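Quick heads-up: it's one chain on its own, the form predicted alone, in structure tokens.
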């Protein structure tokens, strides 16, 4: 059995986050020792590793909850898990597209700035006047 501190070290998940995952129902509430310390099994460590990896990939708590539920039924087809991953992939691609637009605009406005003084700085003018931007990027 692992204490919450040992679980944190083993998984790289901070103690408050472990408690949050318990509150959200992603982890079962830990058993308590005689001294009222939380105690976690290797299965709970594995589940927390799963959760952390899913969070690293940007999956939402609801998506992770659904994936955990799916993982409890290994005989089921994996189309629901595939759907969740595909939805996240689509979300990531939209974010990348937006970030690429932001990058292009930042490259553009920084390349226009050739002044030594703020009063003539194109970056400051572009930030103050959205009409100077090439594309929408909000």
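Residue numbers count along the first chain shown, from 1. None of the values given here were measured: they were computed from a predicted structure.
Form predicted together with another copy of the chain: not shown, discussed below.
Report yes if all three of 3, 15 and 62 come within 4.5 Å of another copy of the chain in the predicted complex by some heavy atom, otherwise no. No residue of the spot touches another copy of the chain in the predicted complex.
Does residue 23 reach another copy of the chain in the predicted complex if we count a contact as any heavy atom within 4.5 Å? Taking the distances in the predicted complex, the answer for residue 23 is no, it never comes within 4.5 Å of another copy of the chain.
Is it the case that residue 124, even though its partner is missing from this view, gets within 4.5 Å of another copy of the chain in the predicted complex, heavy atoms only? Residue-level check for residue 124: yes, a contact with another copy of the chain.
Would residue 28 count as a contact of another copy of the chain in the predicted complex, using a 4.5 angstroms cut-off between non-hydrogen atoms? No, residue 28 stays farther than 4.5 Å from another copy of the chain in the predicted complex.
So, in the predicted complex, is residue 100 in contact with another copy of the chain at a 4.5 angstroms heavy atom limit? Yes, residue 100 lies within 4.5 Å of another copy of the chain in the predicted complex.
For the stretch 65 to 103, return the residues whose heavy atoms include at least one within 4.5 Å of another copy of the chain in the predicted complex, in the order they occur. If the 4.5 Å heavy-atom criterion is applied to another copy of the chain in the predicted complex, 65 to 103 yields 67, 70, 71, 73, 74, 75, 76, 77, 78, 81, 82, 85, 86, 88, 89, 92, 93, 95, 96, 98, 99, 100, 102, 103.
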